[in-house]
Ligand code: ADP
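The chain below stands alone and is given as structure tokens, in the form predicted alone.
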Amino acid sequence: MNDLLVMKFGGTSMGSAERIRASAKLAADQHAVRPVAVVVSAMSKITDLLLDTLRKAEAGDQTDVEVNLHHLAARHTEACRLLLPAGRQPAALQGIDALIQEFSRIAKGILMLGERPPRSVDEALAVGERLSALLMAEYLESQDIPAAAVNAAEVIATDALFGNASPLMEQTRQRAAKVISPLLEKNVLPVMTGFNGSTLDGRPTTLGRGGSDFSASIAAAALDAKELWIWTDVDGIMTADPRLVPNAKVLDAVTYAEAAELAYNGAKVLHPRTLAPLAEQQIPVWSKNSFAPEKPGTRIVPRVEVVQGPHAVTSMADVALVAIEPANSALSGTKVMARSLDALARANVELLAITSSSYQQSFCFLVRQAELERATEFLEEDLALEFAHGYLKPLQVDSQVGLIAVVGEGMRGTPGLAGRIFTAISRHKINIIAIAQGSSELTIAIVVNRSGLEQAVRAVHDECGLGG
């Protein structure tokens, strides 16, 4: 469909009756002049509440399960009563109750089993987005704007990797043509759930970290949208975290590659997976603030005019550095590295940076703290024989580190840049523990002591002249 705009609203943009009303107006204003499809997240903190409920159910804590179910119902019931006119409330409340009963059934099944089957977890977690879609669609209808809540399980086809599924784009395109396109042709505004999908045989799945944004990009690609607008609670993509760097500024535009690198290294922008379907079709994305819609936001596009030097600096504090070192030269470091990477891949652990020493054949890599236990468990299991016989030194883990990533298309071939960055950090007597840079020269990743992380970010930001 020509000129289709996909708009995605995050958890804070859907966090209350007031915010849903504001988000619906943004969608309605565009719907008045062009075709629009909406993708919504769960209300802020609801996914955490659902996850906590399932954990409590697995632990056999029936009292806390009931308390959480009450909070879930109360929050959506209140939003419904504040959002809708009295005449529309009974039907909407009935729909809310049905979805909460569906979640309750799964939670109580887990309570009986004492475990959380991945498929059941995915089905349960999608309820948060389904509740949001119901509220948004009902409100639009109350404003005489034809709308329909759509469960993304009917649209997004995925593989069967529960908890972190990947889309099957050709099948998704077919489903979207069957479910979404007829609504658009009738001038009905589809309000689709983010975060979830289903396998080809109909089993519910979720898309993992950044799943709601990913859903929006999948929908935009499947429907051949002209552009995608991602609505959050920040003005756009910034040169640094403004909580760390007071003079950080909003960037007018970044490339897909820059946005992906920034997200991968801790910036609160689109998850790297989100950008893949868009990059293939070169669909532009806008990152905008639903709390200040008059601000232009940041445009994410295939190419921008390259300015020499970095574009932004980002950081991550909740990380750990893991080092693996052979005890002697009898063991091939290359083979150890290959087996280690295979183990981490099977553990579904993301490597944030990796660096190695050619002489000692040792190497180290950076992972998120949340994935550290799983990473070490798989490594120790796969290399158990080598550890047991002393061919490998015990794993060395440093959890008192932080990551700085300096990102920019204009860094390629810029002489002296790395030296300036390292000098700026060392000027503050901050020790650089590890350095990694890919062949694209798009990102320089630097591991430092966590105690000096914030100061290092400010030093690099100032050195590179990125402030407003």
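From 1 onward, residues are counted along the sequence shown. Just so you know, these numbers come straight off a predicted model, no measurement behind them.
The discussion below concerns the form predicted together with this ligand, not included here.
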query: Do residue 269 and this ligand come within 4.5 Å of each other in the predicted bound form, heavy atoms counted?
result: yes
- prompt: Does residue 350 reach this ligand in the predicted bound form, with heavy atoms at most 4.5 Å apart?
  reply: no
query: Counting only non-hydrogen atoms and a 4.5 angstroms cut-off, does residue 229 reach this ligand in the predicted bound form?
result: no
field: 4.5 Å heavy atom contact, residue 238 and this ligand in the predicted bound form
entry: yes
task: Taking 4.5 Å between heavy atoms as the contact cutoff, choose which of 344, 83, 234, 260 touches this ligand in the predicted bound form.
output: 234
query: Pick from 20 to 28, 455 to 463, 7 to 15, 441 to 449: which stretch has a heavy atom within 4.5 Å of this ligand in the predicted bound form?
result: 7 to 15
- line: Residues in 241 to 266 that come within 4.5 Å of this ligand in the predicted bound form by at least one heavy atom, in order, are 241, 242, 243
